[in-house]
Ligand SMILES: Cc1cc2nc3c(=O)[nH]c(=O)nc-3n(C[C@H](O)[C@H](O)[C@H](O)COP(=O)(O)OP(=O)(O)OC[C@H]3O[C@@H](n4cnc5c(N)ncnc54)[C@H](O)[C@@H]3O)c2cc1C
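This document starts with one chain, in the form predicted on its own, laid out as structure tokens.
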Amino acid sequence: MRGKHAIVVGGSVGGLFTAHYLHRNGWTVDVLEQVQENLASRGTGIAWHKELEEIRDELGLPRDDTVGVDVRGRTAFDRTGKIISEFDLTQRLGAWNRVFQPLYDAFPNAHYHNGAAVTGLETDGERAAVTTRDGRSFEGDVVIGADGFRSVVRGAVAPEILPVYSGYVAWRGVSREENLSHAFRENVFHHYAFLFMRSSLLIGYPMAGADGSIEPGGRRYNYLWYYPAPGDELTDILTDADGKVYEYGIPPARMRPEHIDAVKENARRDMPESFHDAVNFADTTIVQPIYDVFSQKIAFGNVALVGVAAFVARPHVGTGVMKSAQDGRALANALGACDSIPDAMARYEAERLRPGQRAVWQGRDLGSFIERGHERPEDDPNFNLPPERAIRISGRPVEHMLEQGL
């Protein structure tokens, strides 16, 4: 099929990967993004994988060796700061915006619509119409939901699929290398670090500077600290000073200062001193409640879900951007290879449903000790998660683990 019209709801990386592949296959594509500003200012660190580079090459996006900082392996630390395990695996750790911006720049500007918050979706299986809060209407042959884990599109076609809270959050922050102490830069900065503490886990690694610098002194350090937060505690964290509760995530500027102070106090109490800089010198502290979204279907007539709209796997898996890209490619290829939209949707679902489900299962396993309040990841033998195995399988595609029998 060529010459068709697709409406992609969601202008982040999943939506843009999908839109690029469809555009390359001769489709007209309109991308609807609810926020007014450019998304490049959002996001923190991500793990790069060879599959992501291959997809970028297919789309003709320029290679850029400065997109991230290469690390030679993973290092596990115990709660005293002692190294307890190491795993040799060269990997590039980059910044989310270095994926987004080239995709955005290469897409036809006239077909990327900011401020287009979708409020309605109607379809008869052959044509679909989408309406936005500001009164615009878009019609097309297919609608693709790439609008995140609170997906409006998923809510329209599969309202029973809801995010399920895990019982813990990820506190996140990024520090400029120049602000970190000499001791931290010498002893911690270069590690892809996994710090195992009581019922919590901090992951930290170097990444390129805000200006793209990968030179010593101009880089940044990204941390992600998984920390228990039962339901009532989460509600308090997501409540701003005016009493407004944000259902799934609070903007950093609206977070009450006492919660940021509590993160630093918890670091002083639970974390070895050698890691304190990661938390204390972060320019901004954000909180990410950890949810699962598990779908039994991702294709509904002429409506499909891709990326985080289809599945949310906990960040332990570290493949969210790559999975979104793979979904977009698979859907566009199916629409290009099949004679009808129903056949294409069936082919897409058959290819991508199982990998999405496996990623969610893997994320649940990796976070099981935090969710269950165990002191250490190895405390429940059912999950087989001693630190030396956890650092091998975290932040890697599930397919790699299956191939290697891990």
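Residues carry their position along the shown sequence, with the first being 1. All figures in this text were calculated on a predicted structure; none of them were measured in a lab.
The next section is about a form of this same protein that is not shown, the form predicted in complex with this ligand.
Asks: Only one of Val360, Val67, Ile341, Leu39 gets a heavy atom within 4.5 Å of this ligand in the model of the complex. Which one?
Replies: Residue within 4.5 Å of the partner: Leu39.
Asks: Using heavy atoms only and a 4.5 Å cut-off, decide whether all three of Gly14, Leu32 and Ala116 touch this ligand in the model of the complex.
Replies: Checked in the model of the complex: all three residues contact this ligand.
Asks: If you check in the model of the complex, is Val306 within 4.5 Å of this ligand, heavy atoms only?
Replies: Although this ligand is absent here, Val306 would touch it in the model of the complex, with heavy atoms inside 4.5 Å.
Asks: How about Met345: is it within 4.5 Å of this ligand in the model of the complex, going by heavy atoms?
Replies: Heavy-atom contact with this ligand at 4.5 Å: absent for Met345.
Asks: Is the gap between Pro377 and this ligand in the model of the complex 4.5 Å or less for some heavy atom pair?
Replies: No, Pro377 stays farther than 4.5 Å from this ligand in the model of the complex.
Asks: Is there a heavy atom of Tyr192 lying 4.5 Å or less from a heavy atom of this ligand in the model of the complex?
Replies: Heavy-atom contact with this ligand at 4.5 Å: absent for Tyr192.
Asks: Just to confirm the contact call: exactly one of 139 to 147, 293 to 301, 157 to 165, 177 to 185 touches this ligand in the model of the complex at a 4.5 Å heavy atom cutoff, so which is it?
Replies: It is 139 to 147 that comes within 4.5 Å of the partner.
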